[in-house]
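Just the one chain here, laid out as structure tokens, in the form predicted on its own.
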Amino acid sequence: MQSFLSQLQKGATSFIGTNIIAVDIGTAITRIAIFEKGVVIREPSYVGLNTKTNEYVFFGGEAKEIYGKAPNFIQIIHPMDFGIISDFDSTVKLIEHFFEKAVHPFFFKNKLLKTKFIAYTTIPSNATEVEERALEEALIKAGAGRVRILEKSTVTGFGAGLPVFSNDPVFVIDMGAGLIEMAIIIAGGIVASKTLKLGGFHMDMVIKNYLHLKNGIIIGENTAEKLKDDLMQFSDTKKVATIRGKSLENGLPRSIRVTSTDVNEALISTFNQIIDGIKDLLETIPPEVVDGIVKNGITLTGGLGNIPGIDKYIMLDIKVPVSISENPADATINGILKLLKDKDRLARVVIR
């Protein structure tokens, strides 16, 4: 840590001689970046375990591709639930594989890997100390020499270009696959927060159940996710997709046409719960803070921020300006990279 801060104090702008990486282990996607180089890997957080040999044989996109199609002895695992580790061994193997694939070749190629690298990562504000330690230990077992854990909401807001270290309130909502994490931040600290387990994975299950009940068809999680990504929108554009699943009546293959109206109908209750969560959070804060939020608005980040028209839908209900950050899905990893260039602000968001 001290050597890293010394480099920053000297105004080092070259990557030569550094061994620092940023890691964002998401419920759905894991992103890893190298300091002053950028993101080097962006892959699904899935692994495949051969239960016969107890070996991990599939990782990332390859593991997700065969999810729901693998033979019985191949267990497909997504080791992160709601932004925290749910399967420690699988998390270690996943990150170890990503390190070997994208981080080690870069360092070895440039002969810079003389010591183990320092990994900077984030964790949700509702995580316990045990969960923080589990994340730290997983990264160390995967190959990191040292680990620094940062507060996610502040990092995400910073990556979205928000003035999270100013004295004006900033309201950021990270809408990921696991959690909907809301935080009001002033001077680099969280003054109020709320987390909802209503992220993308929950929405995929809602779509599956909806089609099960309405159309009598059974579909996989990957199909439900594709419907959400392709059809969910809060705009006037209407889209249609043809999907195949298994008939609930006779178990035979069946095709149906699903419209954006169907997906909206399935998920509207979930989005209304999210809006209710925003209202609940606003009700807990002082009037002076509310006034600042009305002036500065709410910023959406995370993969669900890419849903067309979601900002306007929320804004019409809560009567507060809502905007979507640029490249919302990468706000967290970009926030870590930006903070690595600012030692003073970095120190203010380090948890452990």
Ligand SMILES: Nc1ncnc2c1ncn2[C@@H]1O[C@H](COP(=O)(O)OP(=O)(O)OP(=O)(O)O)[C@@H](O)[C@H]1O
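Residues carry their position along the shown sequence, with the first being 1. Owing to the predicted nature of the structure, the values given are computational and were not obtained by experimental measurement.
In what follows, reference is made to the form predicted together with the named molecule, a form of this protein that is not presented.
- Highlighted residues 27, 31 and 176: every one comes within 4.5 Å of the named molecule in the predicted bound form, counting any heavy atom.
- Put simply, residue 78 is far from the named molecule in the predicted bound form: not one heavy atom of it is within 4.5 Å.
- Contact annotation for residue 93: none of its heavy atoms lies within 4.5 Å of the named molecule in the predicted bound form.
- The named molecule is not shown here, and in the predicted bound form it never comes within 4.5 Å of any heavy atom of residue 169.
- Residue contact check for residue 307: one or more of its heavy atoms lie within 4.5 Å of the named molecule in the predicted bound form.
- Heavy atoms within 4.5 Å of the named molecule in the predicted bound form belong, among the stretches 278-286, 224-232, 244-252, 135-143, to residues of 224-232.
- Residues of 289-303 placing a heavy atom within 4.5 Å of the named molecule in the predicted bound form, in sequence order: 302, 303.
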